[in-house]
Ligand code: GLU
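Single chain ahead, written as C-alpha coordinates, the form predicted alone.
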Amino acid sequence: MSTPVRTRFAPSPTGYLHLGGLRTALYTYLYAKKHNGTFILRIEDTDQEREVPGAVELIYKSMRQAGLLYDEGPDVGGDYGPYIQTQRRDIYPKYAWELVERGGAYCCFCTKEDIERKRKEAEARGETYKYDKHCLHNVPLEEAKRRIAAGEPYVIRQNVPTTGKASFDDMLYGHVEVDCDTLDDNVLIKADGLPTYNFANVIDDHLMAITHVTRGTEYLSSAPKYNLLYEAFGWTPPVYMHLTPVMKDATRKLSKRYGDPSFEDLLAQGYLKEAIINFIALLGWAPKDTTEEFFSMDDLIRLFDADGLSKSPAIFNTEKLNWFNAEYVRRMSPEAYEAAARPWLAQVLDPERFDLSRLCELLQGRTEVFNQLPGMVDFLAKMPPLDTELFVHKKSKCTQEIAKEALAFVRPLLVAVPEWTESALHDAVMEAIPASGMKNSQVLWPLRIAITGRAATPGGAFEMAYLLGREETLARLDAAMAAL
(Lines give C-alpha, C1' and ligand atoms only; values in the text may rest on other atoms or scores of the structure.)
Protein backbone atom coordinates (compact mmCIF):
# COMPACT_ATOMS: atom_id res chain seq x y z
CA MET A 1 0.00 0.00 0.00
CA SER A 2 1.39 3.39 -0.96
CA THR A 3 -0.07 5.32 2.02
CA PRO A 4 1.09 4.04 5.44
CA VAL A 5 -1.79 2.32 7.22
CA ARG A 6 -3.07 4.16 10.31
CA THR A 7 -5.98 2.68 12.26
CA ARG A 8 -7.66 3.82 15.46
CA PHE A 9 -9.76 2.39 18.25
CA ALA A 10 -11.92 5.16 19.68
CA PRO A 11 -13.98 4.03 22.70
CA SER A 12 -16.21 6.23 24.85
CA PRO A 13 -15.33 6.14 28.58
CA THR A 14 -18.69 4.79 29.72
CA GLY A 15 -17.45 1.78 31.72
CA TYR A 16 -15.60 -1.49 31.21
CA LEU A 17 -14.42 -2.58 27.77
CA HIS A 18 -17.29 -4.78 26.54
CA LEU A 19 -16.55 -7.75 24.33
CA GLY A 20 -17.92 -6.20 21.12
CA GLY A 21 -15.58 -3.26 21.71
CA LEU A 22 -12.69 -5.60 22.45
CA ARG A 23 -13.27 -7.39 19.13
CA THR A 24 -13.33 -4.07 17.25
CA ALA A 25 -10.08 -3.06 18.98
CA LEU A 26 -8.53 -6.45 18.17
CA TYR A 27 -9.41 -6.35 14.46
CA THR A 28 -8.26 -2.73 14.22
CA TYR A 29 -4.97 -3.67 15.85
CA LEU A 30 -4.49 -6.78 13.70
CA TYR A 31 -5.13 -4.88 10.46
CA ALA A 32 -2.58 -2.21 11.37
CA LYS A 33 0.09 -4.71 12.39
CA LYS A 34 -0.56 -6.98 9.39
CA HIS A 35 0.30 -4.01 7.14
CA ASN A 36 3.17 -2.67 9.28
CA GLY A 37 0.98 0.29 10.15
CA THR A 38 0.26 2.41 13.22
CA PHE A 39 -2.44 1.62 15.78
CA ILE A 40 -3.89 4.57 17.69
CA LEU A 41 -6.07 4.85 20.81
CA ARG A 42 -8.38 7.86 20.94
CA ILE A 43 -10.83 8.59 23.75
CA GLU A 44 -14.16 9.97 22.47
CA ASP A 45 -15.58 11.68 25.55
CA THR A 46 -17.77 14.41 24.08
CA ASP A 47 -20.87 12.80 25.65
CA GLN A 48 -20.01 14.04 29.12
CA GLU A 49 -23.32 12.93 30.67
CA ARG A 50 -22.53 9.23 30.05
CA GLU A 51 -18.89 9.32 31.15
CA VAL A 52 -18.07 7.05 34.10
CA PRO A 53 -15.33 8.24 36.50
CA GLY A 54 -12.21 6.10 36.16
CA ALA A 55 -13.33 4.58 32.84
CA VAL A 56 -10.43 6.10 30.86
CA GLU A 57 -7.87 4.40 33.13
CA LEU A 58 -9.87 1.16 32.80
CA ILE A 59 -9.58 1.38 29.01
CA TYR A 60 -5.80 1.80 29.25
CA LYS A 61 -5.57 -1.17 31.63
CA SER A 62 -7.80 -3.43 29.51
CA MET A 63 -5.88 -2.64 26.32
CA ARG A 64 -2.58 -3.50 28.02
CA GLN A 65 -4.01 -6.70 29.53
CA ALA A 66 -5.34 -7.77 26.12
CA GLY A 67 -1.93 -7.20 24.53
CA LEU A 68 -3.33 -4.48 22.23
CA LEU A 69 -0.42 -2.07 22.62
CA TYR A 70 -1.15 1.18 20.81
CA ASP A 71 1.59 3.20 19.12
CA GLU A 72 -0.08 6.54 19.85
CA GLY A 73 -2.57 7.50 22.54
CA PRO A 74 -3.34 9.75 25.50
CA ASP A 75 -0.96 8.03 27.90
CA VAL A 76 1.83 7.22 25.40
CA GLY A 77 1.86 10.40 23.30
CA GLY A 78 2.36 10.81 19.57
CA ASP A 79 2.58 13.46 16.86
CA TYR A 80 -1.19 13.81 16.33
CA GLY A 81 -2.42 14.60 19.86
CA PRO A 82 -4.21 15.41 21.98
CA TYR A 83 -5.85 11.98 21.83
CA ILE A 84 -8.81 12.84 24.10
CA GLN A 85 -11.63 14.68 22.33
CA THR A 86 -12.51 17.11 25.13
CA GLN A 87 -8.88 18.25 25.03
CA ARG A 88 -9.40 19.02 21.32
CA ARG A 89 -12.58 21.04 21.83
CA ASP A 90 -11.03 24.25 20.42
CA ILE A 91 -10.28 22.49 17.12
CA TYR A 92 -13.84 21.59 16.09
CA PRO A 93 -15.56 25.01 15.91
CA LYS A 94 -12.85 26.23 13.53
CA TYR A 95 -13.62 23.40 11.10
CA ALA A 96 -17.37 23.78 11.61
CA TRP A 97 -17.16 27.46 10.64
CA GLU A 98 -15.00 26.58 7.65
CA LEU A 99 -17.79 24.24 6.60
CA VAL A 100 -20.38 27.00 7.14
CA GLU A 101 -18.37 29.32 4.87
CA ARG A 102 -18.17 26.54 2.25
CA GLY A 103 -21.95 26.00 2.39
CA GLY A 104 -21.64 22.51 3.85
CA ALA A 105 -23.16 23.57 7.18
CA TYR A 106 -25.29 26.36 8.68
CA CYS A 107 -26.23 27.92 12.01
CA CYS A 108 -29.54 26.84 13.53
CA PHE A 109 -31.41 28.79 16.22
CA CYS A 110 -34.47 26.52 16.51
CA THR A 111 -35.23 25.67 20.13
CA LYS A 112 -35.78 22.18 21.51
CA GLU A 113 -39.46 23.08 21.80
CA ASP A 114 -39.58 24.02 18.10
CA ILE A 115 -37.96 20.74 17.11
CA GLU A 116 -40.20 18.67 19.41
CA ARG A 117 -43.36 20.33 18.04
CA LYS A 118 -42.34 19.63 14.44
CA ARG A 119 -41.40 16.05 15.37
CA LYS A 120 -44.87 15.41 16.83
CA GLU A 121 -46.55 17.00 13.79
CA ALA A 122 -44.55 14.66 11.51
CA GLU A 123 -45.51 11.64 13.62
CA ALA A 124 -49.17 12.68 13.49
CA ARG A 125 -48.89 12.63 9.68
CA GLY A 126 -47.27 9.19 9.86
CA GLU A 127 -43.91 10.56 8.65
CA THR A 128 -40.36 10.19 9.94
CA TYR A 129 -39.19 13.56 11.24
CA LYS A 130 -36.35 15.28 9.43
CA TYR A 131 -35.16 18.85 10.08
CA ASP A 132 -36.68 21.13 7.43
CA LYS A 133 -33.65 23.45 6.88
CA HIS A 134 -35.72 26.32 8.33
CA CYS A 135 -32.67 28.30 9.50
CA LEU A 136 -30.72 27.65 6.30
CA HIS A 137 -33.51 29.27 4.27
CA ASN A 138 -34.54 32.01 6.72
CA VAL A 139 -31.37 33.11 8.52
CA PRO A 140 -28.65 34.55 6.24
CA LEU A 141 -25.08 34.04 7.46
CA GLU A 142 -24.53 37.69 8.41
CA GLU A 143 -27.72 37.73 10.48
CA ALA A 144 -26.63 34.46 12.11
CA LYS A 145 -23.30 36.02 13.11
CA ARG A 146 -25.09 39.07 14.61
CA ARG A 147 -27.42 36.84 16.66
CA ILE A 148 -24.49 34.75 17.87
CA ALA A 149 -22.58 37.89 18.86
CA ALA A 150 -25.64 38.97 20.85
CA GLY A 151 -25.41 35.73 22.84
CA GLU A 152 -28.29 33.80 21.29
CA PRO A 153 -27.93 29.98 21.67
CA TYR A 154 -27.34 28.06 18.44
CA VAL A 155 -26.08 24.82 16.96
CA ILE A 156 -24.29 24.17 13.68
CA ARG A 157 -26.00 21.66 11.39
CA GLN A 158 -24.70 19.74 8.41
CA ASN A 159 -26.21 20.92 5.12
CA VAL A 160 -27.03 17.61 3.43
CA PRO A 161 -27.88 17.97 -0.29
CA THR A 162 -31.55 17.37 -1.11
CA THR A 163 -30.78 15.59 -4.38
CA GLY A 164 -28.31 13.01 -5.61
CA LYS A 165 -26.64 10.13 -3.81
CA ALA A 166 -24.31 9.80 -0.84
CA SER A 167 -22.05 6.75 -0.89
CA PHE A 168 -19.09 4.98 0.63
CA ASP A 169 -17.03 1.85 0.01
CA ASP A 170 -16.79 -0.84 2.66
CA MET A 171 -14.32 -3.73 2.82
CA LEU A 172 -17.12 -6.10 3.85
CA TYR A 173 -20.24 -4.67 2.18
CA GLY A 174 -18.72 -3.20 -0.98
CA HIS A 175 -20.18 -0.02 -2.49
CA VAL A 176 -23.08 1.40 -0.48
CA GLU A 177 -25.15 4.41 -1.53
CA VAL A 178 -28.32 6.14 -0.34
CA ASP A 179 -30.52 8.95 -1.61
CA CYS A 180 -29.49 12.25 -0.03
CA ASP A 181 -33.11 13.28 0.50
CA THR A 182 -33.46 10.46 3.08
CA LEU A 183 -30.69 11.92 5.28
CA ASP A 184 -31.21 14.40 8.11
CA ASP A 185 -29.21 17.59 8.73
CA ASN A 186 -27.44 16.35 11.83
CA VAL A 187 -26.09 18.70 14.48
CA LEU A 188 -22.30 19.07 14.21
CA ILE A 189 -21.63 21.51 17.05
CA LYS A 190 -23.96 21.44 20.06
CA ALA A 191 -25.19 24.49 21.97
CA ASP A 192 -22.49 23.91 24.62
CA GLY A 193 -19.80 24.28 21.94
CA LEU A 194 -18.82 20.60 22.00
CA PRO A 195 -18.97 18.58 18.78
CA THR A 196 -21.29 15.65 18.28
CA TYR A 197 -19.72 12.23 17.80
CA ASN A 198 -20.56 12.36 14.07
CA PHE A 199 -18.55 15.53 13.50
CA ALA A 200 -15.65 15.00 15.90
CA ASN A 201 -14.74 11.58 14.59
CA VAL A 202 -14.56 12.88 10.99
CA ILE A 203 -12.34 15.82 11.95
CA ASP A 204 -10.13 13.68 14.18
CA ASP A 205 -9.79 10.86 11.65
CA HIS A 206 -8.68 13.37 9.03
CA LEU A 207 -6.28 15.28 11.27
CA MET A 208 -4.79 12.04 12.61
CA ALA A 209 -4.33 10.73 9.05
CA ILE A 210 -6.47 7.65 9.71
CA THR A 211 -6.58 5.47 6.59
CA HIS A 212 -8.87 2.65 7.77
CA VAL A 213 -11.85 2.85 10.12
CA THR A 214 -13.22 -0.31 11.77
CA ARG A 215 -16.54 -0.06 13.65
CA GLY A 216 -19.90 -1.76 14.12
CA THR A 217 -22.70 -2.00 11.56
CA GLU A 218 -24.76 0.39 13.71
CA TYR A 219 -22.70 3.12 12.00
CA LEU A 220 -23.45 1.93 8.47
CA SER A 221 -26.34 4.39 8.15
CA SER A 222 -24.13 7.29 9.28
CA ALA A 223 -21.23 6.57 6.92
CA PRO A 224 -22.83 8.33 3.89
CA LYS A 225 -23.16 11.51 5.96
CA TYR A 226 -19.53 11.22 7.05
CA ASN A 227 -18.45 11.01 3.44
CA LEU A 228 -20.53 14.07 2.56
CA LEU A 229 -18.48 15.93 5.20
CA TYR A 230 -15.25 14.67 3.66
CA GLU A 231 -16.46 15.82 0.24
CA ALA A 232 -17.48 19.22 1.56
CA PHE A 233 -13.97 19.74 2.96
CA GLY A 234 -12.31 18.29 -0.14
CA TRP A 235 -10.69 15.51 1.91
CA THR A 236 -10.11 11.85 1.04
CA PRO A 237 -12.30 9.58 3.20
CA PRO A 238 -10.83 6.53 4.94
CA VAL A 239 -11.55 2.95 3.96
CA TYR A 240 -14.36 1.51 6.09
CA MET A 241 -14.81 -1.92 7.63
CA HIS A 242 -18.19 -2.31 9.37
CA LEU A 243 -18.45 -5.34 11.65
CA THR A 244 -21.60 -7.31 12.42
CA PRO A 245 -22.61 -7.34 16.10
CA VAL A 246 -21.62 -9.89 18.72
CA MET A 247 -24.90 -11.43 19.91
CA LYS A 248 -25.90 -13.14 23.14
CA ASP A 249 -28.39 -15.18 21.12
CA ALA A 250 -30.32 -14.88 17.86
CA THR A 251 -32.28 -11.82 19.06
CA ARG A 252 -30.15 -9.86 21.52
CA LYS A 253 -26.76 -8.14 21.35
CA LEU A 254 -24.27 -8.62 24.15
CA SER A 255 -24.86 -5.86 26.67
CA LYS A 256 -23.53 -4.99 30.11
CA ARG A 257 -27.08 -3.79 30.87
CA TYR A 258 -28.24 -7.43 30.79
CA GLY A 259 -25.36 -8.70 32.90
CA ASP A 260 -23.21 -9.92 30.01
CA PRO A 261 -19.51 -9.97 30.95
CA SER A 262 -16.90 -7.41 30.00
CA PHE A 263 -13.28 -8.28 29.28
CA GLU A 264 -12.41 -7.34 32.88
CA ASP A 265 -15.22 -9.57 34.16
CA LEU A 266 -13.88 -12.58 32.25
CA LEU A 267 -10.37 -12.01 33.57
CA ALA A 268 -11.78 -11.71 37.10
CA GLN A 269 -13.63 -15.01 36.62
CA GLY A 270 -10.38 -16.77 35.83
CA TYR A 271 -10.30 -16.90 32.05
CA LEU A 272 -6.86 -16.59 30.47
CA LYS A 273 -6.39 -13.49 28.34
CA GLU A 274 -4.87 -15.56 25.52
CA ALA A 275 -7.97 -17.77 25.42
CA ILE A 276 -10.31 -14.76 25.44
CA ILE A 277 -8.42 -13.07 22.60
CA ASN A 278 -8.30 -16.28 20.54
CA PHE A 279 -12.04 -16.84 21.10
CA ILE A 280 -12.99 -13.21 20.35
CA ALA A 281 -10.90 -13.22 17.16
CA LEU A 282 -13.04 -16.06 15.78
CA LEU A 283 -16.35 -14.31 16.52
CA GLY A 284 -17.14 -13.23 12.99
CA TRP A 285 -13.81 -14.01 11.34
CA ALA A 286 -12.19 -17.20 10.09
CA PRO A 287 -8.69 -17.58 8.61
CA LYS A 288 -8.41 -18.98 5.12
CA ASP A 289 -6.70 -22.26 4.24
CA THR A 290 -6.57 -23.69 7.77
CA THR A 291 -8.84 -25.63 10.10
CA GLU A 292 -6.65 -24.74 13.08
CA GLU A 293 -8.46 -22.89 15.89
CA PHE A 294 -5.63 -21.96 18.24
CA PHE A 295 -3.69 -18.81 17.40
CA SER A 296 -1.15 -16.67 19.19
CA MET A 297 -1.27 -12.91 18.66
CA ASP A 298 1.58 -13.25 16.14
CA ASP A 299 -0.44 -15.91 14.28
CA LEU A 300 -3.48 -13.63 14.20
CA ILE A 301 -1.44 -10.72 12.84
CA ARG A 302 -0.04 -12.94 10.09
CA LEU A 303 -3.39 -14.50 9.14
CA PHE A 304 -5.85 -11.62 9.60
CA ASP A 305 -7.58 -10.59 6.40
CA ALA A 306 -10.84 -8.73 5.81
CA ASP A 307 -11.84 -11.46 3.34
CA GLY A 308 -12.31 -13.78 6.30
CA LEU A 309 -14.96 -11.57 7.93
CA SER A 310 -18.56 -12.78 8.04
CA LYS A 311 -21.66 -10.72 7.27
CA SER A 312 -23.66 -12.81 9.76
CA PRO A 313 -23.83 -11.77 13.42
CA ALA A 314 -21.57 -13.77 15.73
CA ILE A 315 -23.08 -15.61 18.70
CA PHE A 316 -21.16 -15.47 21.97
CA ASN A 317 -21.11 -19.10 23.12
CA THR A 318 -19.94 -19.48 26.72
CA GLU A 319 -19.45 -23.24 26.35
CA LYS A 320 -17.09 -22.63 23.43
CA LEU A 321 -15.17 -20.02 25.43
CA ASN A 322 -14.88 -22.51 28.32
CA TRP A 323 -13.57 -25.15 25.92
CA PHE A 324 -10.98 -22.70 24.56
CA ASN A 325 -9.93 -21.75 28.06
CA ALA A 326 -9.62 -25.39 29.17
CA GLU A 327 -7.38 -26.10 26.18
CA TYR A 328 -5.18 -23.11 27.01
CA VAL A 329 -5.02 -24.23 30.66
CA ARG A 330 -3.88 -27.71 29.61
CA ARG A 331 -1.11 -26.18 27.50
CA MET A 332 0.32 -24.20 30.43
CA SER A 333 3.57 -25.32 32.03
CA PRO A 334 3.07 -26.83 35.50
CA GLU A 335 4.82 -23.79 36.99
CA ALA A 336 2.58 -21.32 35.15
CA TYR A 337 -0.53 -23.26 36.11
CA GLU A 338 0.46 -23.35 39.79
CA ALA A 339 1.13 -19.59 39.78
CA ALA A 340 -2.29 -18.92 38.23
CA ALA A 341 -4.11 -21.39 40.47
CA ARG A 342 -2.54 -20.42 43.81
CA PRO A 343 -4.64 -17.27 44.48
CA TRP A 344 -7.85 -19.16 43.68
CA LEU A 345 -6.90 -22.11 45.91
CA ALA A 346 -5.87 -19.73 48.69
CA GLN A 347 -9.48 -18.51 48.89
CA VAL A 348 -10.47 -21.78 50.61
CA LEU A 349 -7.32 -23.46 51.88
CA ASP A 350 -3.82 -22.69 53.12
CA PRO A 351 -1.52 -23.63 50.21
CA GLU A 352 1.36 -24.17 52.64
CA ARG A 353 -0.50 -27.03 54.37
CA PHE A 354 -0.70 -29.12 51.22
CA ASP A 355 1.58 -30.48 48.52
CA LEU A 356 0.48 -27.72 46.16
CA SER A 357 2.44 -29.01 43.16
CA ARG A 358 0.75 -32.40 43.42
CA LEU A 359 -2.68 -30.82 43.93
CA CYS A 360 -2.16 -28.63 40.86
CA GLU A 361 -0.99 -31.64 38.87
CA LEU A 362 -4.33 -33.30 39.66
CA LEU A 363 -6.34 -30.15 38.94
CA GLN A 364 -4.77 -28.89 35.70
CA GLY A 365 -6.45 -31.37 33.38
CA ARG A 366 -9.81 -30.79 35.09
CA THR A 367 -9.77 -26.98 35.06
CA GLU A 368 -12.00 -25.16 32.58
CA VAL A 369 -12.03 -21.76 34.31
CA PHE A 370 -9.99 -20.87 37.39
CA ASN A 371 -12.99 -19.63 39.38
CA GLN A 372 -14.11 -23.30 39.59
CA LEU A 373 -11.09 -24.22 41.71
CA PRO A 374 -12.34 -23.15 45.18
CA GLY A 375 -15.39 -25.38 44.81
CA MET A 376 -13.22 -28.27 43.60
CA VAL A 377 -10.91 -28.29 46.64
CA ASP A 378 -12.76 -26.72 49.59
CA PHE A 379 -13.35 -30.21 51.09
CA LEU A 380 -9.59 -30.49 51.68
CA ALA A 381 -9.67 -27.59 54.12
CA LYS A 382 -12.86 -28.66 55.89
CA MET A 383 -14.79 -31.89 55.67
CA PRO A 384 -18.29 -31.12 54.36
CA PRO A 385 -21.36 -32.63 56.08
CA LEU A 386 -21.31 -36.32 55.18
CA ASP A 387 -24.30 -37.68 53.27
CA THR A 388 -24.17 -41.44 53.93
CA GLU A 389 -26.28 -42.06 50.82
CA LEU A 390 -23.12 -41.29 48.81
CA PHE A 391 -21.65 -44.63 49.94
CA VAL A 392 -24.26 -46.42 47.80
CA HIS A 393 -22.85 -47.08 44.33
CA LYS A 394 -24.93 -49.32 42.07
CA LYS A 395 -22.23 -50.01 39.49
CA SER A 396 -19.82 -51.26 42.19
CA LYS A 397 -22.67 -53.00 44.06
CA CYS A 398 -21.63 -50.96 47.07
CA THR A 399 -24.14 -50.56 49.92
CA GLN A 400 -23.87 -48.77 53.26
CA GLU A 401 -23.25 -52.14 54.91
CA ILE A 402 -20.43 -52.99 52.51
CA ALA A 403 -19.03 -49.44 53.00
CA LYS A 404 -18.99 -49.95 56.77
CA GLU A 405 -17.14 -53.26 56.31
CA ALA A 406 -14.71 -51.67 53.82
CA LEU A 407 -13.79 -48.80 56.13
CA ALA A 408 -13.23 -51.15 59.07
CA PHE A 409 -11.01 -53.26 56.79
CA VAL A 410 -8.96 -50.36 55.40
CA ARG A 411 -8.36 -48.38 58.61
CA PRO A 412 -5.67 -50.65 60.16
CA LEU A 413 -3.94 -50.83 56.78
CA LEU A 414 -3.63 -47.04 56.72
CA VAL A 415 -2.47 -46.92 60.34
CA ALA A 416 0.29 -49.40 59.51
CA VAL A 417 1.63 -47.56 56.43
CA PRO A 418 5.18 -46.57 57.44
CA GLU A 419 5.56 -43.66 54.99
CA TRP A 420 2.54 -41.55 53.98
CA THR A 421 3.03 -41.45 50.21
CA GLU A 422 0.62 -42.21 47.38
CA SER A 423 2.59 -45.27 46.31
CA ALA A 424 2.83 -46.65 49.86
CA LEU A 425 -0.91 -46.14 50.43
CA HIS A 426 -1.70 -47.73 47.07
CA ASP A 427 0.47 -50.78 47.63
CA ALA A 428 -0.70 -51.41 51.20
CA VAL A 429 -4.40 -51.33 50.31
CA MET A 430 -4.35 -52.93 46.87
CA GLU A 431 -2.24 -55.89 48.01
CA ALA A 432 -4.68 -56.60 50.86
CA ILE A 433 -7.99 -56.31 48.99
CA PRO A 434 -8.02 -59.78 47.33
CA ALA A 435 -8.07 -61.49 50.74
CA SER A 436 -11.03 -59.35 51.88
CA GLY A 437 -13.53 -60.87 49.46
CA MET A 438 -14.46 -57.36 48.26
CA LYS A 439 -13.88 -55.82 44.85
CA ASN A 440 -11.39 -52.96 44.47
CA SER A 441 -14.18 -50.43 43.89
CA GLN A 442 -16.08 -51.63 46.98
CA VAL A 443 -13.12 -50.52 49.09
CA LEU A 444 -11.86 -47.48 47.20
CA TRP A 445 -15.27 -45.81 46.67
CA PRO A 446 -16.20 -45.83 50.38
CA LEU A 447 -12.70 -44.70 51.35
CA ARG A 448 -12.86 -41.67 49.06
CA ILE A 449 -16.41 -40.76 50.17
CA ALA A 450 -15.40 -41.11 53.83
CA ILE A 451 -12.45 -38.70 53.62
CA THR A 452 -13.85 -36.17 51.11
CA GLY A 453 -17.65 -36.22 51.39
CA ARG A 454 -17.71 -35.84 47.61
CA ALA A 455 -18.72 -38.07 44.73
CA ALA A 456 -16.36 -36.14 42.43
CA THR A 457 -12.82 -35.16 43.45
CA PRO A 458 -9.66 -34.12 41.56
CA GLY A 459 -8.11 -37.54 42.17
CA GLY A 460 -8.79 -40.96 43.64
CA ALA A 461 -8.79 -42.19 47.23
CA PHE A 462 -5.00 -42.50 47.53
CA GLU A 463 -4.28 -39.04 46.09
CA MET A 464 -6.84 -37.46 48.41
CA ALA A 465 -5.55 -39.35 51.47
CA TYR A 466 -1.98 -38.31 50.64
CA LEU A 467 -2.96 -34.63 50.35
CA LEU A 468 -4.95 -34.69 53.59
CA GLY A 469 -2.16 -36.37 55.55
CA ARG A 470 -2.27 -39.29 57.98
CA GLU A 471 -3.87 -37.54 60.97
CA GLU A 472 -6.68 -35.82 59.05
CA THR A 473 -7.42 -38.92 56.93
CA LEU A 474 -7.79 -41.18 59.99
CA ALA A 475 -9.91 -38.60 61.83
CA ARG A 476 -12.28 -38.34 58.86
CA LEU A 477 -12.35 -42.12 58.51
CA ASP A 478 -13.35 -42.50 62.17
CA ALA A 479 -16.11 -39.89 61.80
CA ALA A 480 -17.49 -41.65 58.72
CA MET A 481 -17.47 -45.03 60.46
CA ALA A 482 -19.37 -43.49 63.37
CA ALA A 483 -21.91 -41.98 60.97
CA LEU A 484 -22.47 -45.38 59.34
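Residue numbers run from 1 along the displayed sequence. Just so you know, these numbers come straight off a predicted model, no measurement behind them.
This next part talks about the form predicted in complex with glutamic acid, which is not shown.
- Candidate site formed by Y197, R215 and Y219: every one of these residues places a non-hydrogen atom within 4.5 angstroms of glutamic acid in the predicted bound form.
- Per the 4.5 Å heavy atom criterion, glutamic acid in the predicted bound form is contacted by stretch 207-215, the sole one of 207-215, 391-399, 92-100, 170-178.
- In terms of contact with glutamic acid in the predicted bound form, the residue from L467, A10, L22, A461 that brings a heavy atom within 4.5 Å is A10.
- Among heavy atoms of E44, some come within 4.5 Å of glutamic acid in the predicted bound form.
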